[in-house]
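First comes one chain, alone, set out as structure tokens in the form predicted on its own.
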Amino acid sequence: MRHSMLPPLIGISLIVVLVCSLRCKDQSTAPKAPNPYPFGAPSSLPLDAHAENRRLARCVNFGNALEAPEEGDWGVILTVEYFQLVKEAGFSGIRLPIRWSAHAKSASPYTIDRTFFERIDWAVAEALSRGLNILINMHHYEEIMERPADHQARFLALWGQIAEHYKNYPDGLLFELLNEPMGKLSAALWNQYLAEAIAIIRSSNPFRMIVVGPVNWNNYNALTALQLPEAERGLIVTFHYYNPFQFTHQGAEWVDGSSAWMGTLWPNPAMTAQTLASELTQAAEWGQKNDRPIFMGEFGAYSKADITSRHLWTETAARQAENRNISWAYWEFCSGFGIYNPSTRAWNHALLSALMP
């Protein structure tokens, strides 16, 4: 061919010019790589925890994704579409459960895997770029529940890394210390560990909102055992609500004996709407007494329950929480409790309307 007759140096030069031209053209039309901090800066002054809790308002959990041993193991892989759907539906934020402990070294300095960090960065950016708050937590750290003393240093080191990594992110990013402390992680130990974790986070994030809940799986009844550093006011207190358990977890495969609860309706004589309201009042009153804002970080009823009952229970829990200045995050987006079906790409409108009237 004719171009094969060009002198070698001239031929190479033309190729370089052509490649550069194509690359420049590609770069002019392709989206630029995201700025690491395009969403604003963190506050340089203390925040009002009650105001920040009102900003949380109505959230949804992206469950069964990043708190699985590996994303996808439990049937959920996050996509850009999910963040957009949540935004369009009117939710104000996302609670993102994360199993950091499965992606960090077991020996000091307990380094978190860079690739996993990048995946969390992506999720945080997808939320913040849409004006959604995002709460990242430490989920399914089962080892610390079983052997607290053995994992105290690792727990604190993980939060040290997370806090340092996200120290320049805006206030729309919140940290939740530990999902559902339970087992051998007693109230006394947890009160000690949470104070230590808060101090570590504050060294790099002086004013970021931190979410913390009580032992016994974040049960509202355990709030009285929760002891927080009195001078630390940048805290939101969380609890989880699944009462009556025989209704919300009927047929749940991971709960022994739950098949016997199939067919349980709500409301029922064992638990009425008044009972639900009374229990949420206990959480709200604890918050008022201790001047701490309250966040119902999980609530939901499993898909095997009657849909009419699920709608009534979900609507009642959401409205009663709001009436008591309790923000909330529904459990969850697209799995067993889900409000969205990723297979049909359709909302469960009975549940969505209960949450977002």
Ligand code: BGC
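Numbers follow the displayed sequence, beginning with 1. The structure displayed is predicted, hence computed values, not measured ones.
This next part talks about the form predicted in complex with this ligand, which is not shown.
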*Which one, 167, 119, 140, 130, lies within 4.5 Å of this ligand in the predicted complex by heavy atoms?*
140
*Interface residue in the predicted complex among 179, 264, 219, 101, criterion: non-hydrogen atom within 4.5 angstroms of this ligand*: 179
*Quick one: in the predicted complex, does every one of 242, 254 and 337 get a heavy atom within 4.5 Å of this ligand?*
yes
*Partner-facing stretch of 102 to 110, 84 to 92, 132 to 140, 204 to 212, counted where any non-hydrogen atom is within 4.5 angstroms of this ligand in the predicted complex*: 132 to 140
*Contact flag, residue 331 vs this ligand in the predicted complex, heavy atom cut 4.5 Å*: yes
*Spell out, yes or no, whether the shortest heavy atom distance between residue 249 and this ligand in the predicted complex is within 4.5 Å.*
yes
*Partner contacts for 270 to 293, taking this ligand in the predicted complex and a 4.5 Å heavy atom cut-off*: none
